[in-house]
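Shown below, as C-alpha cells, is a lone chain in the form predicted on its own; questions about how it binds or moves come after it.
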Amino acid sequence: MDLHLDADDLNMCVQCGLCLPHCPTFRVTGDEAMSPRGRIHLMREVQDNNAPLTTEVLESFETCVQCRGCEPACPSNVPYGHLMEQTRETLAEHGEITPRWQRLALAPLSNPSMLQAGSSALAVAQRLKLVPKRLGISAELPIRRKPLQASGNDVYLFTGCVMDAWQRDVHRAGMRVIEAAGFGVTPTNDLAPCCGALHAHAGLSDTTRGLAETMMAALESDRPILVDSAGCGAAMKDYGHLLGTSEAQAFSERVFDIGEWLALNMDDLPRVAPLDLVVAVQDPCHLRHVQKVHESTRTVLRPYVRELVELDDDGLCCGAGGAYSVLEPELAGQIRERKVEAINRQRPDAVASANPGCSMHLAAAGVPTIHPMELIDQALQQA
C-alpha cells in the first residue's frame, strides 16, 4: 500500500535508537514494534515493499500515543509526527483504522449545542454513578455552564470543544489573568468550536482541514489567539503545514499558548503574595515536544507559588494522548503509572498541567492536578 509518505522524510531515520528511551510505549513494553524506529521500519516495509497490513502492523501504528517525545531526541530531525499522521490518514481512508463508531463519537465536537447537551447528560449519569471508569472522568462535570462574556478585543481566547464543555472554569480563570494584565479578551465560544486535533490523531485529516478553514474564516483579524489547551495550540500552530497555504501559515503565527503569551507580558501582571504551595510542573507533550514553549509555564507560575519542583522523568508522556486513554486504556494506564511514580517522588501539593487530557488522565489516578492559570488566578484573587 502507498502510504503517501515523503521518501526523503522516511529515509531520514537511520535506526540509531536514540529515540527509544523517550517513547512511552517502548518504555512499558520493550517491544521494538512499539518504538518510533520500529514503526518507521514498518512504514517503509508497507510503502516500499508492499508488506501486508497484518494485525500486528496495524496495532503498532494504532498504539502510538503521538506524543512526539522522540522528535527532540532525534539527531536526524526525523518529522515523525507528520509521518505518523500521514500513515494514519491513509489507513483511515482505506477503512483499516478509525471505525465508524469512533468517527460518530467525534462528530459532536464541531457542534457546540450537541456537545454541551451530551456533556450535560454525561454529568447527570456521572452523579448517578453510571459513567464507566474506562472514560477516566474523575472530576465532576458541570450540568450547566455560565456563558463567557467578552471584556475587550485585544486578544482571542480559544475555548474549543471538550474543554469548553467540561472545564469552562479554566477558561474563566485564564480570562481573569489576562484581564489582570490589562488586556481585553474575546472568547471564541461558538465562532470556532473545534480545532481538529482529535480528528488529526484519528487520521481524519479531511475533517481536520475543514475545521481549520472554518477557524481561519471565523477569526479573521490580526489579534493574537491564546490557547489554554496544549494539544489544541499545537494543532493550530500546525495549520500552515496542514493546509500548505501562506494564509494558514500567517494564522498559525498568531497562535500562542496562554502561558507563552503571558510570559512575554509578565511586567503587566500584578505582583501578589504567592500561594503557600509546592507545585510540580507536568509538561504536556504537545507543549514540550511540539510547541517547545514549556518553559513559559515556569516563568508565569514561579512568582505565584511558594516553590516549583521539577519531575525527574525528562518530560516522559503521561499516557493521555487525546482519546488514547479511552482507546488504549491498558497501555495508557501503564504509561501513567511511571508518571505518577515520578510525581510521588517529589511529593508536591499540586501538579500544574496545561492540557485538559493530561489533567483528567492524571486526576483519575488520584493526582491533584490544576491548570497553571487557575493557580495564578487563585493568587490574584486572594490579594
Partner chain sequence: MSLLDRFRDRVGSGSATSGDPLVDDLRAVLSPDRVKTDGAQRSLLGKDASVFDGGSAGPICYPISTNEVVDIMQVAQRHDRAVVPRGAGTGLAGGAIPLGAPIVVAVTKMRSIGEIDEANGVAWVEPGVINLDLTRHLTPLGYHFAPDPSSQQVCTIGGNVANNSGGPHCLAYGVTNSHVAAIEIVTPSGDVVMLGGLDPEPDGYDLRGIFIGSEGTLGIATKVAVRLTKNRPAVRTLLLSFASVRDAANTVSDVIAAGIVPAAMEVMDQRITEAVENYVGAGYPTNAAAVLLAEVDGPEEGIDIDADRIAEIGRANNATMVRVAADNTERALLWKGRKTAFGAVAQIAPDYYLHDTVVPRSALADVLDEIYAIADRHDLLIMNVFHAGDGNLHPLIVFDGRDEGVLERVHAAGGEIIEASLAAGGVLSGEHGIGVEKQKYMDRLFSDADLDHQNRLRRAFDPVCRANPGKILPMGHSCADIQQLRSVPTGVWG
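Residue numbers count along the first chain shown, from 1. Only a predicted model underlies this, so the values are computations on that prediction, with no experimental measurement involved.
Below, we turn to the form predicted in complex with its partner chain, even though it does not appear here.
Q: Just to confirm the contact call: exactly one of 283 to 291, 231 to 239, 309 to 317, 148 to 156 touches its partner chain in the predicted complex at a 4.5 Å heavy atom cutoff, so which is it?
A: Heavy-atom contact with the partner occurs in 309 to 317.
Q: Can you confirm whether Arg176, Pro187 and Gly210, the three residues that make up this candidate site, all sit within 4.5 Å of its partner chain in the predicted complex, judged by heavy atoms?
A: Not a single residue of the candidate spot has a heavy atom within 4.5 Å of its partner chain in the predicted complex.
Q: Examine Gly17 and determine whether its closest non-hydrogen atom to its partner chain in the predicted complex is within 4.5 angstroms.
A: Result yes; Gly17 sits at the interface with its partner chain in the predicted complex.
Q: Residue-level contact is defined here as any heavy atom of the residue lying within 4.5 Å of its partner chain in the predicted complex; does Arg271 satisfy this criterion?
A: Result no; Arg271 lies far from its partner chain in the predicted complex.
Q: Give a yes/no on whether Leu380 approaches its partner chain to within 4.5 Å in the predicted complex, heavy atoms considered.
A: Heavy-atom contact with its partner chain at 4.5 Å: absent for Leu380.
Q: Might Pro72 be said to contact its partner chain in the predicted complex, defining contact as any heavy atom within 4.5 Å?
A: The answer is yes: Pro72 has a heavy atom within 4.5 Å of its partner chain.
Q: Only counting heavy atoms and a 4.5 Å limit, does any residue of 26 to 45 reach its partner chain in the predicted complex, and if so which ones?
A: The stretch touches the partner through Phe26, Arg27, Val28, Thr29, Gly30, Asp31, Glu32, Ala33, Arg37, Gly38, His41, Leu42, Glu45.
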